[in-house]
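The form predicted alone is given below as one chain in structure tokens.
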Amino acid sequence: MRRHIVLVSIVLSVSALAYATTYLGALGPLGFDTRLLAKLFLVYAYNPGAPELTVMSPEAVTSIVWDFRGVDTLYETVVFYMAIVAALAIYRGIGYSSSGVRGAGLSLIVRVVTKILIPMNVAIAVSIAAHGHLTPGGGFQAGAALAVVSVLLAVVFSALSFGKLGVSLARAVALRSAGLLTIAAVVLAPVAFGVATGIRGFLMQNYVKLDSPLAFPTHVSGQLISGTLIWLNLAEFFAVSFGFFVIFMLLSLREDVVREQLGEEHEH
């Protein structure tokens, strides 16, 4: 009976919140339209008729994340990066080897099914990253989707499978760093190009502005790539996915091995 009450309460709360957001959210306490900013985002996300204001991406969420409020996203990426650095610092001096992980796995049936699912998972993750400027998705979502593969490998095939596939901690860190360096290059490119040419350029500038004619190419061979957005999504994809790989690989180490090596290090 108690469970049913909790379930009904959750359903009613979600329904009330949805109703308030959908039917009451458009009007503020004084009757003013509080969704003007949202309308502007939708109007200018993809609007070739207003080149100084548009992002040239039909995916409004990605336009907001990487352009309209791109600096916020940049700092969020830095926070995630620092979290990975902190994890590596905690595990500093601990070698990742086959002796430090458990060799058990799941049944043959589970392994076969997982072998079928992993390629599908990788394909979906890459698609989410590559099409994040056109359809819902993006680099972070794609990276989180690909990171599921590391969990499947550790649980279904055991953490020993990382070494068998040639995925080492150093390579995961290197690929994560490559993604972060690519983000930094795309972010700083307009400013650097502006300094080199004498034309004013802005940090994270995607398309032309009222006082700057600089713009990343929006089309390649007739395909819309939305300037910086596709490159930022792909770079974020690498940074997030292999950042999670690093975390999951460290967490797969046996606790007794970690405690032993940390103890030895602290004694020295």
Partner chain sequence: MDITLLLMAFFSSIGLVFAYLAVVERDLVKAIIFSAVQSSAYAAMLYLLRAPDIVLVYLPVAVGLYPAALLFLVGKTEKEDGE
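Nothing here was measured: the structure is a model prediction, and the numbers come from that model. Positions refer to the first chain, counted from 1.
Not pictured, yet referred to below: the form predicted in complex with the partner chain.
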Legend entry - I10 within 4.5 Å of the partner chain in the model of the complex, heavy atoms: yes
Inset, instruction - Could you confirm whether L53 comes within 4.5 Å of the partner chain in the model of the complex, counting heavy atoms only? - result: no
Inset, instruction - Would you check, heavy atoms only and a 4.5 Å threshold, whether Q141 touches the partner chain in the model of the complex? - result: yes
Inset, instruction - Evaluate G137 for contact with the partner chain in the model of the complex, applying a 4.5 angstroms cut-off between non-hydrogen atoms, and reply yes or no. - result: yes
Legend entry - One residue of A189, L180, V173, A154 in contact with the partner chain, assessed in the model of the complex (non-hydrogen atom, 4.5 angstroms): A154
Inset, instruction - Tell me, out of V61, V43, L203, I199, which residue has a non-hydrogen atom within 4.5 angstroms of the partner chain in the model of the complex. - result: V61
Legend entry - Option from 144-152, 69-77, 109-117, 164-172 whose residues, in the model of the complex, bring a heavy atom within 4.5 Å of the partner chain: 144-152
